[in-house]
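Below you will find one chain, with nothing else, as structure tokens; this is the form predicted on its own, and questions on how it binds or moves follow later.
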Amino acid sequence: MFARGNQRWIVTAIPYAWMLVFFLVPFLIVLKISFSSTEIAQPPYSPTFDLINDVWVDTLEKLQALQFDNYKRLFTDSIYVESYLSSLWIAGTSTLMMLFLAYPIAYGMARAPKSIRPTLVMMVILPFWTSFLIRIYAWISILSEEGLLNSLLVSLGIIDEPMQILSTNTAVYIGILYSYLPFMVLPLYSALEKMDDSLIEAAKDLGCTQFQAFWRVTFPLSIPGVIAGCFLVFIPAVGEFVIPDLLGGSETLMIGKTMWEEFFNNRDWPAASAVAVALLIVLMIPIVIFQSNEARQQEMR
């Protein structure tokens, strides 16, 4: 009995130890740097306090004297405010567009014959077999003025001359929609695939049309998949860096791109760390909402 209890403790402790080493410790390091001052040195910051080398009394005194200048800049410097607002707007808009695009795909997969459903799921996750960076570079060649898309549109007579798609926000939306589409389709498919078809038949027997049966029965039952898919897309899209950097232009503002420029171009590690901490706090809000919703769903079941 004691051995079994130890085994359960070990199994539970492993993921917590993983989170402690690879999330909490790096976060504390970033948090410490965010309270530092910028220096022309290596590393390019001067620590405000050191929990390892300082005695507790000195450390507590320094904690009381902490300056939040780096965090104040997030609200006073327009580049940070615009980057946060632009990231939230682009991520939110992309999530809504992806929901309207992914729902018919997931619905069709859930209503397909059971024999071909595994094949359809494999086709959805097939892009993951290729490097994310390679797929984004492929979109560069597709969206450029001499790329496949413009060549096709010109040859069909839809446009007279190539359009400027690359290095615009439109290209960023296309890249996000393509990259994160499976994260929206799979939760929706999981929710729709479990639904009992007899509920639709009962709704029709009670006088509902096909659309009314969908809106009153199918969609409400798929809400958990909708919520999960939206969070799985929105949260990583807010901090996206590769897509706006490669597909967006110089006027494309997203907080991930701004953070990278602060770290590597301006070498302002304290400001970049403050941006990272603030971004994590912002993203914790939808995560807490998602967890609360999941807990309510479990209680209802």
Partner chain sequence: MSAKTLGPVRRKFAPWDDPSSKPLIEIRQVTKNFGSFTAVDDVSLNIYEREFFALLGPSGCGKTTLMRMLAGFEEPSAGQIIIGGQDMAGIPPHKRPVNMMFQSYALFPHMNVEKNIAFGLEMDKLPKGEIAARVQEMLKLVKLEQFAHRKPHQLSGGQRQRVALARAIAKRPKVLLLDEPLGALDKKLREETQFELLDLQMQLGMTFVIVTHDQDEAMTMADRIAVMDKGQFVQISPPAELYEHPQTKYVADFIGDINLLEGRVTKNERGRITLDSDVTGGVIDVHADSSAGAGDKAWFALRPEKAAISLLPPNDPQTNCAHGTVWDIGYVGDISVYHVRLDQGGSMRASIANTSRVVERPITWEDKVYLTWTPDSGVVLTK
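No experiment lies behind these values; they were computed from the predicted model shown. Positions refer to the first chain, counted from 1.
Keep in mind that the form predicted in complex with the partner chain is not shown, yet the notes after this line are about it.
Looking at Val121, Leu181, Val217, Ala138 here, can you tell me which has any non-hydrogen atom within 4.5 angstroms of the partner chain in the model of the complex?
The residue from Val121, Leu181, Val217, Ala138 that makes the contact is Val217.
Which residue, Leu149, Ile105, Leu96, Cys208, is the contact with the partner chain in the model of the complex, using a 4.5 Å heavy atom cutoff?
The option sitting close enough to the partner is Cys208.
Within 4.5 Å of the partner chain in the model of the complex - does that hold for a heavy atom of every one of Ser37, Lys72 and Asp77?
Per the other structure, none of Ser37, Lys72 and Asp77 touch the partner chain.
Could you tell me if Leu88 has a non-hydrogen atom within 4.5 Å of the partner chain in the model of the complex?
Leu88 lies outside the contact set for the partner chain.
Determine whether any heavy atom of Asp196 comes within 4.5 Å of a heavy atom of the partner chain in the model of the complex, and answer yes or no.
Yes.
Would you check, heavy atoms only and a 4.5 Å threshold, whether Arg117 touches the partner chain in the model of the complex?
Output for Arg117 is no: heavy atoms all beyond 4.5 Å of the partner chain.
Hey, in the model of the complex, does Gln212 get a heavy atom within 4.5 angstroms of the partner chain?
Within the cut-off, so yes.
Contact segment among 181 to 189, 196 to 204, 96 to 104, 109 to 117, judged by heavy atoms lying within 4.5 Å of the partner chain in the model of the complex:
Flagged stretch: 196 to 204.
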